[in-house]
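Included below are C-alpha cells for two forms of one protein chain, each presented in isolation as structure 1 and structure 2.
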Structure 1
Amino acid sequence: MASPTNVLIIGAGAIGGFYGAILNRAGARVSVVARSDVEVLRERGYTIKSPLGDLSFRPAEVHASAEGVTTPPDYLIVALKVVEGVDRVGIIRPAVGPNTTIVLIQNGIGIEQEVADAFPDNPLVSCLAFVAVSRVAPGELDHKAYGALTFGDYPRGAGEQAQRLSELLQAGGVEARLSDNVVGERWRKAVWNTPFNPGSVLAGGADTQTLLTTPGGQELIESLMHEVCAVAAADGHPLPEGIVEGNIRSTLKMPAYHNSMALDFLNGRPMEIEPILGNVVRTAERLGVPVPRLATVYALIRLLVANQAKRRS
C-alpha cells in the first residue's frame, strides 16, 4: 500500500488547525509547527467543534519550529498571518525539500511572489479559504460555517500537485475548487476581506452582523466593495456582476462572526493590514483608480495602529 501523503502545517492556529483536521480525516499524515500551543497540542491535540462533526485530532508530530522537521513533507501548508516582521521564507526554509509543494493559505493581494522567488524549483499553490473558524483557547477551535477552498498554481494553472491536494480536501469533507487564475480569485476574495476586516477594527472589533445592521454600515461596506471591484478590473481581473450583492446576502445569512483582523485587534495582536488593504490601495494608486473610501479607511487604521504603539511605549 502507498504511504499516506505527508503534510506539514506551519501556522497551526484556526486556519491551519482546521484544514489540518480535514486532511487528517482524508487519511493524510498531518504534522504541525506551532508557536504558542506546542505543549497543549503535544499533550492532547486539537479539539474542534464544527457543523461537519467532531474534527478533533492529534497531529503526528508537533514542532516548535521548522528546524525540528527531519523529513521534508509532500505538502508544506503555510497558514501564517502576513504581518510586519514575520519572515515567511526564513521560517519555512528548513522544512522545504526538493519534492515539497508549498501551499499558501493566506489572505491578501500580492503575497506570493516573495515565496516564489525564494523557492523557484518548488511548485507553489496559492489558496483562498472561505471559512468562519476561530481559535477560542489553546488547541481549541470553533468552526461556525463554510470551509471551501479555491486554489491553483501561482501565477497560473492547476497542475498535478494542486489536483491531488483538491482530492484530499474533498475526501476530508470540504469543497476544493481548482482555478487556473488564482490571482483573479484573490481579487474576488478581496471584495469581502478588504472592507470587512479593516471596517470591523475601526468599529471597535465589531462582528459582521453589527457592521451590516447598524444604520449606514451596509452602505459603507458596499461602497468599499465597489472600489475593490474597480481596482481588480483595472488590474486585469474583472469580477462578476452582482458580486457585491451576493457577498452581502451570504454574510447576512451567516452567524455573527468576528473576522481574523477583528480578533487580532481585540486581543492586541499584529493585524494583516498591508496584504488585505494596503496592497489594494497601492495597486489603485499605481493604476490611477480613485479609491477615496478605501484610502480613508487605510489612513484611519494606520493612525489607530500608530496611536496604539505610542500609548504602549
Structure 2
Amino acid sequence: MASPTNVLIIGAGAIGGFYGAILNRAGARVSVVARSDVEVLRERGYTIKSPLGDLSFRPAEVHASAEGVTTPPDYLIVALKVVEGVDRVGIIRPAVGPNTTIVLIQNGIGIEQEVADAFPDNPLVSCLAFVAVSRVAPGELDHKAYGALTFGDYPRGAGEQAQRLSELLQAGGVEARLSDNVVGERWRKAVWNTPFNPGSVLAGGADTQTLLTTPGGQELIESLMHEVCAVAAADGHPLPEGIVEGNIRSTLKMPAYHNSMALDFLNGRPMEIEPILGNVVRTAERLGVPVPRLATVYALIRLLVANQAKRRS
C-alpha cells in the first residue's frame, strides 16, 4: 500500500480547516500550522458542521509555526489572508522541501508572483475557493454551502501535482475545477469581487441588495466591473461578452449577502484590499488602462483604513 499523501495546511482558519478536512476524508495525512487555537486543535481537532456530513477531524500534527515541521509535506497549502504585514514567504519557508508542491488558496489578483519568485523550483498551484465556511469558535467551523475549488498551475497549465490534488479533493467530496489558465479564472472572479467588496465597505458594510437597489448603485457596480474587464483584457485575459450583465443578474437573484471584505470591515479585522483591488489598479497603471473609478475606490478605502488606524491610536 502506498503511504498517504502528506498535506500541511498553513493558516488553519475556516478555509484551511475546511479543505484540510476534505483532504483528510480523502485519506491524506493532514497536519496544520495554526497561529491561534493551537491547544484546542491539539486536544480536540476540528469540529465541522457541514451539509457534506460530519467533517470533524484531528490533524496528524499541530504546530504553532512551520519551524516545528520535520518532514516537508507533499502539498503545502497556504490559506492565510493576504493582508499588510503578513510575510507569506517567511512563514512557509521552513516547511518547504525540494518535492513540496505549494498550493495557494486565496482570492484576488497577482497573489502568486512573490511566492513563485521565492520558490522557483517548486510546483505552484493557484486556487480560488467558492465556499461559505466560517469559524464559530476555536476549532469549530460552520460550513454552510458550496466548496468548489478552481485551480491550476501558476502561471498556466495543470500538471501532475494539480491533477493529483484534483483527485484527492473529489474523493473528499468537493468539486475540483482544473483550469490551465488560472490567472484568467482569477480575472473572471475579480469582475465580481473587485467592485462588490470595497463598494460594500465604503457604503458602511452594505449588503449586495443595498448596493444594487439604491439609486445609482447598480450603475456604479457595472461601471467598476467594466473597468475590471478592460484591465483583464489588457493583461491577456479577455472575458466573455455579457459577463457584467450576468454577474448583476445572478447577484440580484441571491439573498442579500455580506461579502468577506464587508464582514472583515464590520468585525474590525484587516481587509484584503491589495489582492482584491490594489493589484488590479496597479496592473491597470502598468498596462496604461484608464480606471478612474477603481482608482477612486482604491484611494477612498485606503483613506478609510488610515483614518481608522488614526482613531484607534
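What we label the rigid core is the largest C-alpha set whose atoms superpose within 1.5 Å from one form to the other. Nothing here was measured: the structure is a model prediction, and the numbers come from that model. Residue indices: 1-based, along structure 1.
- Task: Please state whether structure 1 or structure 2 is the form predicted in complex with another copy of the chain.
- Result: Pick structure 2 here.
query = Which rotation angle in degrees describes the motion of the smaller rigid part relative to the larger between structures 1 and 2?
reply = Comparing the two forms, the smaller part rotates by 15 degrees relative to the larger.
- prompt: By how many angstrom is the Cα of Leu220 displaced between structures 1 and 2 when the rigid core is overlaid?
  reply: Residue shift at the C-alpha: 5.1 Å.
Report task. Let me know the CA shift of Tyr298 between structures 1 and 2 in Å, rounded to one decimal, core fitted. Result -> C-alpha shift for Tyr298: 2.6 Å.
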